[in-house]
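Let's start with one chain on its own, the form predicted alone, as structure tokens.
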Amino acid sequence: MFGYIRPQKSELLVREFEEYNGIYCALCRSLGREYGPFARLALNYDCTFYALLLFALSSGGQPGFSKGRCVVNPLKKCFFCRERNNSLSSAAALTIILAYYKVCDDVADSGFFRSLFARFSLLFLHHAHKKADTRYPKLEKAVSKAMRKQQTVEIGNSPGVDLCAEPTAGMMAELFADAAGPEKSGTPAAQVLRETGYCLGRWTYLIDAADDLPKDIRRKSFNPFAVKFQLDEKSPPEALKQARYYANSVLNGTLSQLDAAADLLELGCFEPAIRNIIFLGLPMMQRQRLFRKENGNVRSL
């Protein structure tokens, strides 16, 4: 479920895109510094967005950036954020925690041979996850609670799409509300963040399920859209197309709710990049993943 929360690069200024990449590279450095070199493999766009949001909500102002050699590829120069603060550490911890539970889910959903790589990855993630849990227990608690709820929902009797999306939506709502800080707990600003996180979490789960639908049907893995439309390997292409268009309509409704909440966000630095991701990047990603051979099926923003 990683990699969907991206910016639309063509609509960012050069400076804005460099700053976005700077946070991405800084998160990579933070992962390696705090959890070891293999932790860099867990780096993803979704947690980069979380880091941007934490920076935007902090009172520290615009962070500083520097140019240096890429740690992974020393021949390449990169523009990275040189700050070492709680925003990057929290995003790094969330990256590890999400990666750990994603790998655990892969092990549970796959056969022995298909899950060999996931089992091997757990050897490296186990210690890093334990370290992240010790440093940020609230993050671990939110994610683990959502994973338990997800498992309970999926083994239920024909769960609906909305019910299946609820655990991820609730997790993101909790994470975003906590990002406001204890001093703003219960305030309208925290409520706006909670609603934004809820809608973003719901969208992320649904786009992941819609994107994985053909693969899940082949592997006979759980997928809420396959359950709703009773799809299997013998289903005709028209049935799959109907499920995809239904997913698109549900996702568009979620995007509309997300836009309304995001319009009320009070952001500091990185506001252009954050708004670009929400208002332009998400619809672009939805269009690419659901309609690879078609265009114009996602509403324009």
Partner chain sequence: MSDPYEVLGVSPSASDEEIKNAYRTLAKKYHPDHYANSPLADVAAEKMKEINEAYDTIVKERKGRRAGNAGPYTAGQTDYGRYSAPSEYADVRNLIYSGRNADAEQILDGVPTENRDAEWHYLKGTVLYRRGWLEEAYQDFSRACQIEPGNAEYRAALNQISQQRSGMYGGYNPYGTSSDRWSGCDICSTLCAADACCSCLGGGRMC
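Residue numbers count along the first chain shown, from 1. Just so it is clear, the model here is predicted, and its values are computed rather than measured.
The protein also exists as the form predicted together with its partner chain; that form is not presented, and the subsequent description refers to it.
Undergrad: Can we say 192, 284 and 287 each have a non-hydrogen atom within 4.5 Å of its partner chain in the predicted complex?
TA: Per the other structure, all of 192, 284 and 287 touch its partner chain.
Undergrad: Hey, in the predicted complex, does residue 205 get a heavy atom within 4.5 angstroms of its partner chain?
TA: No.
Undergrad: Consider residue 70 of the chain shown here, and say whether it contacts its partner chain in the predicted complex, taking contact as heavy atoms within 4.5 Å.
TA: So residue 70 counts as contacting its partner chain.
Undergrad: In the predicted complex, does residue 173 come within 4.5 Å of its partner chain, counting heavy atoms only?
TA: Result no; residue 173 lies far from its partner chain in the predicted complex.
Undergrad: Would residue 41 count as a contact of its partner chain in the predicted complex, using a 4.5 angstroms cut-off between non-hydrogen atoms?
TA: Although its partner chain is absent here, residue 41 would touch it in the predicted complex, with heavy atoms inside 4.5 Å.
Undergrad: Among the candidate stretches 54 to 62, 31 to 39, 231 to 239, 257 to 265, which one is within 4.5 Å of its partner chain in the predicted complex when only heavy atoms are counted?
TA: This holds for exactly one stretch, 257 to 265.
Undergrad: Go through 218, 76, 138, 126 and name the one with a heavy atom inside 4.5 Å of its partner chain in the predicted complex.
TA: Contact check passes for 76.
Undergrad: In sequence order, which positions of 224 to 257 have a non-hydrogen atom within 4.5 Å of its partner chain in the predicted complex?
TA: 228, 245, 246, 248, 249, 250, 252, 253, 254, 255, 256, 257, in sequence order.
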